Each structure stands twice: as C-alpha cells, then as structure tokens.
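Given next, in structure tokens, is a single chain: the form predicted on its own.
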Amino acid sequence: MKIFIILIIFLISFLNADVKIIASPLCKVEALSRHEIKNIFMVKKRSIANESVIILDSLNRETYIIFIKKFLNKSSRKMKVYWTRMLFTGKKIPPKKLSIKELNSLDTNSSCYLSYVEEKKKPNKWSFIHIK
C-alpha cells in the first residue's frame, strides 16, 4: 500500500511539469489547436498553413511521457506500438530525438522546426506556441 501511495505522489508531481510546444525562429506558426498538434507530432501532417514543418522529439524521457499524455492522449506503450507499426509498414519514420543542448546548437535558419520542452528550459531564440 505504501508503494502505491508513493507511486501516485510521484506520478502527480511528474505530471505537474509544464511542457510547452516551441518553434524555431524561422517558423511563422504562432498558435496550434490540440488536434493540429496531434496530427503534426504523429506525422499525419507535415505542414501548417502552407509551411513545411520538421518535428523533433525530446531526448528527455520524462518530458516525452508528459508531452504524449498531455497533447497526444497516449501512453508511452501506445506510442511505441504506433511507431513500431509505422516503421514496419514503411509508412512513417518517428521524429528525431534531441536534447536541449542539441536544440540550442541546431541550425534553425534553413527550416521550421517544432518541438516541446519544459517551460523553464526553452532554448535561446525559440518561441512558445500558443495552444488554441
């Protein structure tokens, strides 16, 4: 019983981290709906308002889990099954996973990138996307 309570407390504190969607400086995207976020990050769409977008996942496992629960309404297991199926059928390739340090050093002058980070760890020059 004690382990269960500790696990619940851990999960509640874990889910309270504030994960935000961010865009590279070249992106003209300022706001997205939850439906658009789901379609873009599951690579069902590759552009927003005629702007081609490259998706980047977080290398941080905790941030990734919070993101998929909050914005995609999926568990990490369901996402793993989804990407395994997409890779096996040859339909899609999962987004590249980068750390905050790699996001900062990324050449953002050539493409529009979208990713997500904890609010307090936003890379320089990247901007937060408003959620409609």
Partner chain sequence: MNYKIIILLISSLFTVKVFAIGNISIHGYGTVGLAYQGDDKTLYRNSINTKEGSSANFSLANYSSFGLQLDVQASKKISLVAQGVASKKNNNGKTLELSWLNAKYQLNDDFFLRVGKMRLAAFMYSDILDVSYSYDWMRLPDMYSIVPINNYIGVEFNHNIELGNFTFMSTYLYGQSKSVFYDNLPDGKILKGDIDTDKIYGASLKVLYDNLALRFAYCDLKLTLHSKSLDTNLNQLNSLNIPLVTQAIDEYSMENTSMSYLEIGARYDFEKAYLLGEYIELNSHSFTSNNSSWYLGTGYNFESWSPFMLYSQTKSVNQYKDIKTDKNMNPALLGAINASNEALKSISESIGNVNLETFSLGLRYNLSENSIIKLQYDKQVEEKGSKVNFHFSENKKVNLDIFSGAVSFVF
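Residue numbers count along the first chain shown, from 1. What you see is a predicted model; the values in this text were computed from it and never measured.
Just so you know, the form predicted in complex with the partner chain exists too; it's not on screen, but the next bit is about it.
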Residue 47 within 4.5 Å of the partner chain in the model of the complex, heavy atoms: yes
Residue 87 within 4.5 Å of the partner chain in the model of the complex, heavy atoms: yes
Interface membership of residue 93, the partner chain in the model of the complex, 4.5 Å heavy atom rule: yes
Contact flag, residue 61 vs the partner chain in the model of the complex, heavy atom cut 4.5 Å: yes
Heavy atom within 4.5 Å of the partner chain in the model of the complex - residue from 34, 28, 101, 80: 80
